[in-house]
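Read the single chain below, which is given as structure tokens and is the form predicted on its own.
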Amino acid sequence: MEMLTLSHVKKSFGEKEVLKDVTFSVPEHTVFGFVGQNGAGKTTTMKMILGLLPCGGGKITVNGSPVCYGNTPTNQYVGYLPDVPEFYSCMTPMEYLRFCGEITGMRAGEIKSRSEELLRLTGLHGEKRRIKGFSRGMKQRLGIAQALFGHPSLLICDEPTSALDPVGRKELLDILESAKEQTTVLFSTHILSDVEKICDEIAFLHEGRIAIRGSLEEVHKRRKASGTELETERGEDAGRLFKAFPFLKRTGRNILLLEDPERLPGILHFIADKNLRILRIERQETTLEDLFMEVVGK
């Protein structure tokens, strides 16, 4: 089942057309990466999914129900983590989650068990400090706990790792990956390495449209391997190879790049014939960064 579907969604602010024709769907229990440059319209899209902005055209459904601007019943299925979550800083994590449970009418026993479960998931169990003393990473983890508190069918995270250090990013990505056992995760980002680590499916947003969409495997297959890299032990051997095969590209003092794989047998024969000292011959696979730069035309 598709947990989230956007069909030909449009949005303009005055004369500026931000989203021209956005169409994609997010299957249940997947981690879906919504990728785009800063200012591409990712946050605008998420606000429309939440009913905080009206669509300029098209249709959005969550769990099979249409999203309505202003007061949408579909938000009962959604947990949301904004890029900069705000809290009552005088509270501890347990106090804050208890407060969240109380305002939604949950029973005290359910509040306690759910709070403990989520604080363990996010690595904050037993944390007694007030939120005002938390790092950015700790606040993001508490934000995920809050967003998951009501057992949402869809967890939406807006740029959740953009301001975190490498340790904080890894911790948060691990949490999002484990959360898909409970829910479906949609997160926006421009950090492509994060997408490659945990996403099952992705969509690239560019110039108001979805430029690429599919599973990671499908997306990688859209572009062939970027070439074969040869590294020699000695600089003079790299020079001999370059002189014999001028179509090679020098990417380092002892490193050459071959872009046409059909020419590799001839190069290997030359290496064996001349007894050149080779340290490494490695196929360079296409990365999401290669694809993304191709999409944005840079």
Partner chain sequence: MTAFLKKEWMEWIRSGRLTVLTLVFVLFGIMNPAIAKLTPWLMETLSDSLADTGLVVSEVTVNAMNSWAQFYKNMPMGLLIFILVCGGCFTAEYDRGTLIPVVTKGLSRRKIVGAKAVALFGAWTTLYFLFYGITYGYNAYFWDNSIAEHVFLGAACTWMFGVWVISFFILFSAVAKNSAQVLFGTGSAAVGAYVLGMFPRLASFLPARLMEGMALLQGINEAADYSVSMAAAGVMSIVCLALAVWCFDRRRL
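Computed from a predicted model, the values in this text were never measured in an experiment. Residue numbers count along the first chain shown, from 1. If you superpose the two forms and keep the largest set of C-alpha atoms that fall within 1.5 Å, you have the rigid core.
What comes next is about the form predicted together with its partner chain, which does not appear here.
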Original post:
Is there a non-hydrogen atom of Leu52 within 4.5 angstroms of a non-hydrogen atom of its partner chain in the predicted bound form?
Top reply: yes
**OP:** Would you please decide whether Phe134 lies within 4.5 angstroms of its partner chain in the predicted bound form, comparing each non-hydrogen atom pair?
**Re:** no
Subject >> its partner chain contact at Val167 in the predicted bound form, heavy atom, 4.5 Å >> reply: no
Original post:
Is Ala163 close enough to touch its partner chain in the predicted bound form, meaning at least one heavy atom pair within 4.5 Å?
Top reply: no
Subject >> Options 118 to 126, 167 to 175, 198 to 206, 91 to 99; stretch whose heavy atom lies within 4.5 Å of its partner chain in the predicted bound form >> reply: 91 to 99
**OP:** Scan Gln182, Asn75, Thr228, Thr189 and let me know which has any heavy atom within 4.5 Å of its partner chain in the predicted bound form.
**Re:** Asn75
Original post:
in the predicted bound form, which of the listed residues (Ser113, Ser193, Thr104, Ser215) lies with a heavy atom within 4.5 Å of its partner chain?
Top reply: Thr104
Original post:
Taking its partner chain in the predicted bound form, which residues of 55 to 90 have any heavy atom within 4.5 Å of it?
Top reply: Tyr69, Gly70, Asn71, Asn75, Gln76, Val78, Tyr80, Pro82, Glu86, Phe87, Tyr88, Ser89, Cys90
Subject >> Rigid core superposed: Arg129 CA moves 2 Å or more between this form and the one not shown >> reply: yes
Subject >> Ala211 C-alpha relocation of at least 2 Å between this form and the one not shown, rigid core basis >> reply: no
Original post:
Knowing the Cα distance between Gln76 and Ile103 changes 3 Å or more in the predicted bound form, does it shrink or grow relative to here?
Top reply: closer
